[in-house]
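Below you will find one chain, with nothing else, as structure tokens; this is the form predicted alone, and questions on how it binds or moves follow later.
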Amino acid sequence: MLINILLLILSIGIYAKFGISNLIYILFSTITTYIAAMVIERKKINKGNALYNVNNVNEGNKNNETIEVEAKNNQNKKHRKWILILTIAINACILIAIKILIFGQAKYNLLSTTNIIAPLGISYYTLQVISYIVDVYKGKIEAEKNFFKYLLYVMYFPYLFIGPITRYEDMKKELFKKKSIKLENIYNGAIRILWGLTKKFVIAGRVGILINTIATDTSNYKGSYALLAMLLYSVQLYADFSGGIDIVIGGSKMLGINLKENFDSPYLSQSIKEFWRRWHIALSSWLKDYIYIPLGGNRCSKIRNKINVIITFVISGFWHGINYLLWGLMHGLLVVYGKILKTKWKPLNILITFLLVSVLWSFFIWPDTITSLQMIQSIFTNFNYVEMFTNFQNLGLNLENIIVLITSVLALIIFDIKKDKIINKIKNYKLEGKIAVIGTLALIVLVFGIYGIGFNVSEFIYSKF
């Protein structure tokens, strides 16, 4: 299809624009998993031979031919397993090495003459290619014989930098179906994009100014300031990340490609466990299917199940970076033992969960674990709340911008609470109504947006992971 050819050319061009090394990394992952999947597919056990073997065994007639077929099938099974393990190991080790080198460079100034930069999107496409080859091995999907179709799945540029992490079985249906440009998709996609831009530039942009003021001066901004930064970072990260996903989903919608949602009003969760069902859904789902369940999931003793959960969350922390191992561990412990914090009052549960999540975001705000822990400690030792309230307008935003921020955050909260009703209502609008929504959102972004020198996809927080 012409649209897919153009998408592939555009994806390759955009990715190469950020550096040829980026293109080399992603092509390596694509080629190795494509070849490995094809080999695994060819070495699958022949069902006819397998049935023949069973019949012969039942008849007590296990002849030499049957024995040879069984031996060949067993050998193929071993080959398939080793190909799977080797391919996953190679691609995973590249990601692990990049994470370690970046940590070493930042923490210990290793390789000071070399600037180690993670290839764009490596954290996302590595998980995608691993899920693909595992699903081929398990027989959930057939290996894609057309290399360029598989390449488009891996390199599809809208989700390459910030996700969501997709599965091949889902994307195959969307990417390779017969597509046509529909006005309804264009209007709905445009609304989604503009809503994402509103969250990114109107909310996250303003909150970022406040956080930057607090985070860069740890000697003067402790205690209540640190708590304020943590609470605000919850808002910034959600607005920034979900806003970016809105842009990805909206842009794909305009092309007739439907991507799965990655957020479901996460800050309305009543527990950390529920939070992870609503936050970064694609990553949570991937970790569940390819880490937690293979470890044994809940099909084991209670103690082992708890260990499996904690290991999964530690790996989630490592996926974000070595700095976030403790963050992952804390989330794992809160998922395992979070029931003791739950009350019978829903609003209180939501508040407790939001506070816990916000405090743990401290590992994302400050540059290292020690500083983050010191800032958390200062909340309980430095009670300078009066000073913080009187000094609020000196943190980077004037009164007008504070009013805009409060208003837009309230609008975001209302939207999350009434999301389904609002979306269905807008979908049922006639052409004039949708154009009015598009015009209103565009005006809000243009008038109230906070912009830097120029737009860059790397400005999205989760593009760094």
Partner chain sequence: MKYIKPIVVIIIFILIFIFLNKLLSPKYMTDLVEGNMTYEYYKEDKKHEVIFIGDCEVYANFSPMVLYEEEGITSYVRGNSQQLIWQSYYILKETLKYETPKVVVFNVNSMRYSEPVSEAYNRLAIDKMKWSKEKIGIIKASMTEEEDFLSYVIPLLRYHSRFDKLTSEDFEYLFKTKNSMYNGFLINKNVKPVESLPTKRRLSTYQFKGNCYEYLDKITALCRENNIKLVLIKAPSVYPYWYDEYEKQIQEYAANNNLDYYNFKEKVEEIGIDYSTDTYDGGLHLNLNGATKLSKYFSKILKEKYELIDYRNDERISNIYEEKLKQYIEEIN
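Residue numbers count along the first chain shown, from 1. Only a predicted model underlies this, so the values are computations on that prediction, with no experimental measurement involved.
The form predicted in complex with the partner chain exists for this protein as well; it is not shown, and the discussion that follows is about that form.
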{"property": "Contact label in the predicted bound form: Thr407 to the partner chain, heavy atom within 4.5 Å", "result": "no"}
{"property": "4.5 angstroms heavy atom contact with the partner chain in the predicted bound form for Arg206", "result": "yes"}
{"property": "Distance check, Tyr25 to the partner chain in the predicted bound form, heavy atom within 4.5 Å", "result": "no"}
{"property": "The partner chain contact in the predicted bound form: Ala436, any heavy atom under 4.5 Å", "result": "yes"}
{"property": "Joint contact, Glu400, Glu432 and Leu446 to the partner chain in the predicted bound form, by non-hydrogen atom at 4.5 Å", "result": "yes"}
{"property": "Candidate stretches 392-400, 421-429, 35-43, 408-416 - the one whose heavy atoms come within 4.5 Å of the partner chain in the predicted bound form", "result": "392-400"}
{"property": "Partner contacts in the predicted bound form for 210-231 (non-hydrogen atom within 4.5 angstroms of the partner chain)", "result": "none"}
